[in-house]
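In the block that follows, a single chain appears as structure tokens, in the form predicted on its own.
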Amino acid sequence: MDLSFVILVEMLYAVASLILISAGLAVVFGMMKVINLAHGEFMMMGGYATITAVNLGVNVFVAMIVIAPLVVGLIGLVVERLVIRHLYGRLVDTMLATWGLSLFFIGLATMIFGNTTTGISTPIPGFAFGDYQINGYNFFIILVSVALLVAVLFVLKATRAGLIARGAMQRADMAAALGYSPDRIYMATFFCGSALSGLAGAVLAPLVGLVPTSGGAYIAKAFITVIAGGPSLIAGLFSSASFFGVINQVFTFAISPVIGEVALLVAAVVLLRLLPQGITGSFFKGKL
């Protein structure tokens, strides 16, 4: 019974981590069709923003939930105004530009913070459950992921701003005809996607040692999760993260963590071979 509970918590944590890692990319790619290869570096900057704020005496939860998303969101705003806005509809050019941005951010972070590993301790201690030890911070990550999904769903479905954003992504010409500026909507959407990436990097920062190249560890999983999810933003993100998270943890507990990572990649290849339109391209059609 104790082992079953531990496995359940670890599965929920794996799913929650994939949701956090992929949410910002899902907003930018799913709504704007922009392939942001600097997504991992936005997460890295969220981690450094958190660590810097904590070292300056800011409460760790305020640093993670407020400061890091705001800082990275503002950086994303600058990037969108200077670079991305000129490349909409040019997929290859956008990929090359964001790849160059990722190298720029890695170099800038190395100059500022050095190439040594840094980090902060988890603010929530672990606890014993029977014969097993559970990381209490995992529950916080699960809670943040649930709150994130609910918040994004609420904004897109129940607010005027969300309705306008969804309409502009589908028919920018109609949004412009109704008096809304697609340019400003794209800017706000990229800001939100960047802020979500910063939030993910901030929340995961206490669990990993941070270096300027840390973003590379997240980008592959984020793209796999978003692409396998299909066209629906929320339903796709949740369904693909759940599928890959469970697969990863089953093989991790059964064999080893390395095999768990390999199993996730193999599952992604098989899934996209069987469902080239993604999960929500074949199921949950019409869902947000």
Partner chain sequence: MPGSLQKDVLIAVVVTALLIWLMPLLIGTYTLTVLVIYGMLGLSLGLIWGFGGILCFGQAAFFGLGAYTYAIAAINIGESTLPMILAVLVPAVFAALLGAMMFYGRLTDVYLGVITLVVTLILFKFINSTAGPQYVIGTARLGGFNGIPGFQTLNVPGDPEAYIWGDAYFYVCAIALALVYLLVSVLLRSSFGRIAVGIRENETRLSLMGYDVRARKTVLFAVGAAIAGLAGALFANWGEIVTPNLFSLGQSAEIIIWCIVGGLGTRLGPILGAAGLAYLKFLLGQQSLVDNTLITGLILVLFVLFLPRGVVPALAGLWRISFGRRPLGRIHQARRHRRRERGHG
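Residue numbers count along the first chain shown, from 1. All figures in this text were calculated on a predicted structure; none of them were measured in a lab.
We do not show the form predicted in complex with its partner chain, though everything after this point is about it.
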| query | finding |
| --- | --- |
| Candidate stretches 83-91, 149-157, 67-75, 166-174, one within 4.5 Å of its partner chain in the predicted bound form by heavy atom | 83-91 |
| Partner contact for residue 181 in the predicted bound form: its partner chain, 4.5 angstroms, heavy atom | no |
| Contact flag, residue 101 vs its partner chain in the predicted bound form, heavy atom cut 4.5 Å | yes |
| Interface membership of residue 262, its partner chain in the predicted bound form, 4.5 Å heavy atom rule | yes |
| Residue contact check: residue 161 to its partner chain in the predicted bound form, 4.5 Å heavy atom | no |
| One residue of 53, 234, 247, 35 in contact with its partner chain, assessed in the predicted bound form (non-hydrogen atom, 4.5 angstroms) | 35 |
| Members of 228-252 lying within 4.5 angstroms of its partner chain, judged by heavy atom, in the predicted bound form | none |
